[in-house]
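What follows is one chain in structure tokens, specifically the form predicted alone.
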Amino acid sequence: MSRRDYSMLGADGVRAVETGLAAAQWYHSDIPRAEMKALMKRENGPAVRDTITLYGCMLAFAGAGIALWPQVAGSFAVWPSLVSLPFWLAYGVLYGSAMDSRWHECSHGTAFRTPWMNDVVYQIASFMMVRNPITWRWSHARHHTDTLIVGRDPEIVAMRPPKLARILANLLGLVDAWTGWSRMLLNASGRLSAEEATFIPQSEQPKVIRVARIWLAIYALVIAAAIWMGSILPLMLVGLPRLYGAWHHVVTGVMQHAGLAENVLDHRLNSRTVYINPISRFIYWNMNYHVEHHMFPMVPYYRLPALHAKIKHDLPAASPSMLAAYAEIIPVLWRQLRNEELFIKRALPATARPYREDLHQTALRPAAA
């Protein structure tokens, strides 16, 4: 079999359109209309509480890091002290990982009932994650429309064969962040990449350029402040946390789809729900309920546990922990280096409606890992 082409410009994307995989109708678990209406109800309270908690913790951690920064002749030293590092690491996880889930949920417009609140948090989180808010709104819409459809989904993390070095490098943001900054420079010059042009409407493209230029100006000011101070302190507050705080969002993000089926129309086959600890759930904003989120993306994050309880009889069993999820993921990714046709086909409980094999015949023909 020929190698998969994950680009938005290749033959696999064309084939997905020709075969009806693109913008297709997906399987959904049955749930009464009244119950779904209640689950989709948005409130300001939970998201306001969580947002105040998040930014309050960030201010506290950054304040402690600054207070413990060594002084040389009355000025900030170039590098942080060892005693301040735990505070910077905590700040970094909230900046470089918690903002990933805030960007994500607010892009759906479901975190807050009040639209401007979603927009404000979305803009801030997009800047911190180095994801142009215009580009990524359309990119993520495509991810939900064509989840793990090769050549259509621009957000596939674990491709086949998997690029393990890339995934590991992203634990420090060494690919995604640098890609984001590179695209910022490209967009600020007045251009879009060829792939961006495939999913961003022409009417929205000037906004991409305008945002990139604003961001470039902010980064220029931060870098100028660091040079003037003779210290990396300004960069520890803005920019560098996207690198040293990225690991948590990569660890949780890889679990979403890695090792599962591609080119299928049932989120039970290509998405994974994992039970995780309360701190990670706060950072991740309940996106560990990922099958549920993909089936019903307009359900706010604070109602995903309730949605899970209502439809889990129709879903594969959730992984009991992150360790259990990776015990399933790592062996199949390793085997895909030699045979990229292998994948995990998760078993359904007896109470579930069966997979529609006729919808996925090509994708499911190889033996599951």
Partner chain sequence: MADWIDACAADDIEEEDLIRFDHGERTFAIYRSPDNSFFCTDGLCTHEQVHLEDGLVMDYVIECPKHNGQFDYRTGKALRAPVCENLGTYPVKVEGGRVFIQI
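Positions refer to the first chain, counted from 1. Small disclaimer: the values here were computed from a predicted structure and weren't measured.
This next part talks about the form predicted together with its partner chain, which is not shown.
Practice prompt. Please determine, with the chain shown alone, which of 186-194, 68-76, 104-112, 256-264 has non-hydrogen atoms within 4.5 Å of its partner chain in the model of the complex.
Written response: Looking at the partner contacts, the answer comes out as 104-112.
Worksheet item: So which of 233, 117, 141, 124 reaches within 4.5 angstroms of its partner chain in the model of the complex, heavy atom to heavy atom?
Response: Exactly one residue meets the criterion: 141.
Worksheet entry | Residue among 160, 248, 137, 281 with a heavy atom within 4.5 Å of its partner chain in the model of the complex | Here the answer is residue option 137.
Worksheet item: Within a 4.5 Å heavy atom cut-off, is residue 145 in contact with its partner chain in the model of the complex?
Response: Yes.
Discussion item. In the model of the complex, is there a heavy atom of its partner chain that lies within 4.5 Å of any heavy atom of residue 48, even though the partner is absent here?
Written reply: No, residue 48 sits far enough from its partner chain in the model of the complex that none of its heavy atoms falls within 4.5 Å.
Practice prompt. Indicate whether its partner chain has at least one heavy atom within 4.5 Å of a heavy atom of residue 334 in the model of the complex.
Written response: Judged by the heavy-atom cut-off of 4.5 Å, residue 334 is well away from its partner chain in the model of the complex.
Fill in: is_contact(residue 224, its partner chain) in the model of the complex, heavy atom dist at most 4.5 Å
Result no; residue 224 lies far from its partner chain in the model of the complex.
Discussion item. Would all three of 155, 285 and 352 be in contact with its partner chain in the model of the complex, where contact means some heavy atom lies within 4.5 Å?
Written reply: Checking in the model of the complex: none of 155, 285 and 352 is within 4.5 Å of its partner chain.
Discussion item. Under the 4.5 Å heavy atom criterion, name the residues of 332-354 that approach its partner chain in the model of the complex, in sequence order.
Written reply: Contacts from 332-354: none.
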